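Single chain ahead, by itself, as structure tokens, in the form predicted alone.
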Amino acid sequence: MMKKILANLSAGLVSLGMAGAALAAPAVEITQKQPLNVPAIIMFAIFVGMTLAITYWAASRTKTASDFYTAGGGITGFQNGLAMAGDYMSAATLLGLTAMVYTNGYDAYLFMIAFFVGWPIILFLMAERLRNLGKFTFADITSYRLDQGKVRTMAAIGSLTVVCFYLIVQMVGAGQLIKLLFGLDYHIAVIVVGALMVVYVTFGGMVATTWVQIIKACLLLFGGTVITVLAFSQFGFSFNTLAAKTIELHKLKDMLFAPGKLLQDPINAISLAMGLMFGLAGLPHILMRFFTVNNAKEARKSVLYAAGFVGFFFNVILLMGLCAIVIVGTNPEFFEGGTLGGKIIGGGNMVAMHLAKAVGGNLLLGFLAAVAFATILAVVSGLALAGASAISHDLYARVIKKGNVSEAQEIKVSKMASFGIGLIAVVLGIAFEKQNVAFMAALAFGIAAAGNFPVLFLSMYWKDLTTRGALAAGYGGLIAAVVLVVLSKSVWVTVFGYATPIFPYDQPALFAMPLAFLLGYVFSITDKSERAGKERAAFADQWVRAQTGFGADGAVSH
């Protein structure tokens, strides 16, 4: 059962948190936990020591709600771009996509393109307005001129649903990967990740979370680049030489560089691409980063830098995967029983690790294993902070207390929420150890694309959106995404055991997202209430602020 679970994980844990499981590479197995990796544990201990020192420093700077949620708006565009990239590039990106290139070749690159093209959407359509209209969470924008209580509740439910599913996938993936890379017990790995996540968020807030993500991004970019340079040098830095060698050795031959299984079903491919593109624009922990910079110009720069770092890293992964076909694929040392073409020791996700060992020895292997652990910590910290913000700022301060709450009380609730989310993440991570959780990744992206993005987009661009329309779009998209994923193969067949799925596709975005837009449109234009008229009239003021930033919060001096 465990091998089957991890076979799905290795194909499905490919995105920001691992989406589009069913369209990923063929399943690969992961074996029992490996011997204790002492160099990796030492390097990871150094990373933890650095980040805990940063958390101690950040705690002295975190005095107000603005400090806790957005680092006082004092993060630069370059720093925020690195942090965004750190939030986006997970251990699954490094291990899963490298394995996917190793197995599927060009199809993996199409997968990466689908992940990447969400960044221009955020840059051109959302970055400036997000910064000018928001304060702490994206619910500040969706509820700007609408009913605060109802719309914030809807936005918080969407955020927490995405965070919950995403955290479960991250925690299960963390436990399995750390057991594999470090030789640690699954439960210990999950508890360590949960405890560190709570410490970073509770004591350091956004300042600590940001610097954890920056350090992790730098380590990941550095490690990947070093491995690529060392591996690519064996081919004289000639892509033609590398391509010819991989085609000669790989079982796909010339088809290694041609579209394959991913594009066999165009509906699935389009739905997957839409989910990854627009899901990125609806992920609460990514959207929250726009409020950490001083102004809209820095917000745009953040996305530009993040897109550059992510794009560079995807190309690094492509080269790593292709180099591994030759360097790892022809070395009996990395196969069980020394049989070339057989099962890779540790499973398919270990391709990147084996490549690191082949070109840099145990030292580089230990470094990359430590980086993989660090990437998990950075991602879960961002998720926990986004979830805590939805509870404390949107639900507690604005809905329950209706704004009549001190900053100290709000921060206290946020820290309690951080601890609660960490505890829940650990419990669910342990509970789902032997369950197939790949569908939760598709669900998180589906809800972000169909539940969060349509409401956010309509609230910023369409003057006729009303509270009734926003609620219909938000709840309708969320419910549609959940229902379609449950009826798809990843749940209906894999989890429930039925022979055939009711919904024949793997990603719900192509169907749930247009439905959300349609519901928002229909329920808004048919709303003739007095309140709806006032909400439409308030759009002019919102439009001016969205364009100019007049009235938006700036950086806080310390």
Partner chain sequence: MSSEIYARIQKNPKFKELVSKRERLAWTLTGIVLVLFFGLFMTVAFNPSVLAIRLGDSYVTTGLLIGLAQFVLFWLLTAVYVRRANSEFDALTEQLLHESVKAKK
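Residue numbers count along the first chain shown, from 1. Keep in mind that what you see is a predicted model, and the values were worked out from it rather than measured.
We do not show the form predicted in complex with the partner chain, though everything after this point is about it.
### Message
Can you work out whether Lys534 and the partner chain are in contact in the predicted bound form, taking contact to mean some heavy atom pair no more than 4.5 Å apart?
### Response
The answer is no: Lys534 has no heavy atom within 4.5 Å of the partner chain.
### Query
Is there any non-hydrogen atom of Gly329 lying within 4.5 Å of the partner chain in the predicted bound form?
The answer is no: Gly329 has no heavy atom within 4.5 Å of the partner chain.
### Message
Test of understanding: in the predicted bound form, would Arg152 fall inside 4.5 Å of the partner chain by heavy atoms?
### Response
Taking the distances in the predicted bound form, the answer for Arg152 is no, it never comes within 4.5 Å of the partner chain.
### Query
Looking in the predicted bound form, any heavy atom of Gly361 within 4.5 Å of the partner chain?
Result no; Gly361 lies far from the partner chain in the predicted bound form.
### Message
Considering non-hydrogen atoms and a 4.5 Å limit, which listed residue (Lys357, His250, Lys301, Lys135) is close to the partner chain in the predicted bound form?
### Response
Flagged contact: Lys301.
### Query
the partner chain isn't shown here, but in the predicted bound form which of Phe124, Phe222, Trp462, Phe237 has a heavy atom within 4.5 Å of it?
Selected option: Phe124.
### Message
For the three residues Met100, Ile325 and Gly342, which mark the spot I'm curious about, does each lie within 4.5 Å of the partner chain in the predicted bound form through at least one heavy atom?
### Response
No, the whole trio is out of contact, none within 4.5 Å by any heavy atom.
### Among 403-411, 344-352, 224-232, 242-250, the region lying within 4.5 Å of the partner chain in the predicted bound form by heavy atom distance
Comparing against the partner chain in the predicted bound form, the contact stretch is 242-250.
### Query
Using a 4.5 Å cut-off on heavy atoms, which residues of 81-114 contact the partner chain in the predicted bound form?
Contacting residues: Tyr106, Tyr109, Leu110, Met112, Ile113, Ala114.
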